[in-house]
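Coming up is one lone chain in structure tokens, specifically the form predicted on its own.
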């Protein structure tokens, strides 16, 4: 069952600069509210304005087709992690779960990049279409009670990105490449300053790519001797670094 810990409202639905007002919801959100949350008139539901504040919605009416809420947006969303993620494009099925996890954990800037071990077919997946990407991200926001969508950047050529764009992104910041080698530095912890984290594909970056990242200012870190899948390694790294 889908986890909807906050009912997200699109700005186009709200259509107002006010922090208080009434809204009528139908479709998937109504079905979830009616069948899972099962509120009655007078109950309050957690709501959030996408890109804005969180709040509560007082149930005014609910029937088979819609629910009417009296909404007040009163509090900011959770703080974002101070990280720019540079992620080699995962396999399509893993991509959806990874994007959802990133949104849940509070990553707000993600560069999906090419790598030697990224198959060309991955770039053709329908899961990279804007609507599919947003769906994965919204699931993560609903899980975490967040309202701020991560920004996704696609970079299909590794060398031009690492040579021409990445040094400026990393300037004045700590930058790490997560790579399972014996001489990797231990993963830092309790980071509070803006930083960059590069995570490779299944099988890791090749040596050439590690060296190019190092030339852009990235130091190699690891999580120990175990070889982890991307969907396991990424939450472990973010948890170790920030949480």
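Bear in mind that the values here come from a model prediction, so they are computed numbers and not experimental data. Residue numbers count along the first chain shown, from 1.
Same protein, other form: the form predicted in complex with another copy of the chain, not shown, and the subject of what follows.
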{"item": "Non-hydrogen atom within 4.5 angstroms of another copy of the chain in the predicted complex for each of 190, 223 and 240", "value": "yes"}
{"item": "Options 126-134, 154-162, 169-177, 78-86; stretch whose heavy atom lies within 4.5 Å of another copy of the chain in the predicted complex", "value": "78-86"}
{"item": "Another copy of the chain contact in the predicted complex: residue 24, any heavy atom under 4.5 Å", "value": "no"}
{"item": "Proximity of residue 229 to another copy of the chain in the predicted complex, heavy atoms at 4.5 Å", "value": "yes"}
{"item": "Touches another copy of the chain in the predicted complex: residue 143 (any heavy atom, 4.5 Å)", "value": "yes"}
{"item": "Any non-hydrogen atom of residue 92 within 4.5 angstroms of another copy of the chain in the predicted complex", "value": "no"}
{"item": "105, 72, 138, 110 - the one with a heavy atom within 4.5 Å of another copy of the chain in the predicted complex", "value": "105"}
